[in-house]
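As a starting point, one isolated chain is supplied in structure tokens, in the form predicted on its own.
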């Protein structure tokens, strides 16, 4: 009886994962995909709008960008729908996601059955030399989300004012003490601010391998003590004395552009070039990474188990992994987000799209960006963010 009930109520999304690509394309035509994605950057919003126009023209799939300030809002909506028994016809068709939000959706059974193996362009992804396309913050991806961009933390400095930037967290503290008010970071849980905390935590630990395992509350307090000591010393030297923080990455960029700070950072290696091209920062701005490397990861799109338009979402995800879409995204003129594809294995015509990209004066080459540090297990970020808010906001 229980089996019969399960078959009757099986969500449409679960069935979608078992279809051929031809069936998926046919069913996608006429669907509207509600893509829940961060909407805090005009340049990224423009790229998403372009992708929407392409899939509508070629596949008859309409895209509605639901602009989020926090991905957890979309995750919470799907969770609430599941609790209410809404196993089909959900309000979210696609989510830009990674890290703790992916881990939470996987843990709670909120994702469509494995589906990325059905997408033709998934074969173009570099699964061997870019291991973060297979493991999201230590959690196996298991074909539950499709990679669509590579990110790595880079620090950005005005070379006219800081010709020799500090290349370690310890040196950054010393520099900030000598140059009070000239550095800041976004307030956690903004993802970029939280990434700065993770970068500092990794550098300050003698053995950061502990971060690859789920957090243990008993050992976490001791492991994070160097981080809190570092922040306690850093905060009085920050912009506005550490009594206020920029809300997010764009706000920190604005401080750099206005000359209020001399060092910022980003999760997109080509951002500095893109900012210069748009006249948002001085043309003397350049990029650097820390001596031991910086955190990098892959960002993905995932489909909730109860999506209303799962086939349309798969068509859009497949387009996002195409050489055409990936090359446009890597171009600093449009975004500057590095590709997940194995460019060397692409057909010559597609490879030429990437070879023609001018990365600009402020973008490091892939060789200069090495080494890339692995993200900690998602549970560490939840623990650190909560403790940060308790210590510095009293919440």
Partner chain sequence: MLRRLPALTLVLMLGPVLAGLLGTLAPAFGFLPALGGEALSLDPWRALMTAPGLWGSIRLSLSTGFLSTLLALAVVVAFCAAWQGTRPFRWFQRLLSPLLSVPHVTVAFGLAFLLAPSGWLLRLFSPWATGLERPPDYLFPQDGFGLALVLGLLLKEAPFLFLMVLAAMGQVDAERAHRVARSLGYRPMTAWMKAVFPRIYPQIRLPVLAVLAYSLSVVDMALVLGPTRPPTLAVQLLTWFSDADLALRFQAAAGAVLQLLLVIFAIGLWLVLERLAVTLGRRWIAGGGRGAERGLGEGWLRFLAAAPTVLLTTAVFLGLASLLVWSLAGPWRFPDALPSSWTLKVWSGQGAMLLQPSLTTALLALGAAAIAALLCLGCLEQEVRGGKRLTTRALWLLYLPLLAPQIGFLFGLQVLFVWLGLDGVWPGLLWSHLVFVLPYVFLSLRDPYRAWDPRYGRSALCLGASPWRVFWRIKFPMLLRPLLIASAVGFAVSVAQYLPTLFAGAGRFQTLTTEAVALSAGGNRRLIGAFGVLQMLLPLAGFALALALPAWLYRNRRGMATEH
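All values derive from a computational prediction rather than experimental measurement. Residue numbers count along the first chain shown, from 1.
Keep in mind that the form predicted together with the partner chain is missing from the display, and what follows is about it.
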query	finding
Listed residue (333, 62, 70, 350) with a non-hydrogen atom within 4.5 angstroms of the partner chain in the predicted bound form	70
Of 282, 177, 143, 216, the one that lies within 4.5 Å of the partner chain in the predicted bound form (heavy atoms)	282
Residue stretch of 289-297, 319-327, 116-124, 84-92 approaching the partner chain in the predicted bound form, non-hydrogen atom distance within 4.5 Å	84-92
Residue 209: touches the partner chain in the predicted bound form, heavy atom cutoff 4.5 angstroms	no
Contact label in the predicted bound form: residue 189 to the partner chain, heavy atom within 4.5 Å	yes
The partner chain contact in the predicted bound form: residue 136, any heavy atom under 4.5 Å	no
Partner contact for residue 100 in the predicted bound form: the partner chain, 4.5 angstroms, heavy atom	yes
Joint contact, 24, 28 and 193 to the partner chain in the predicted bound form, by non-hydrogen atom at 4.5 Å	no
Sequence-ordered list of residues in 97-115 near the partner chain in the predicted bound form, where near means a heavy atom within 4.5 Å	100, 101, 104, 107, 108, 110
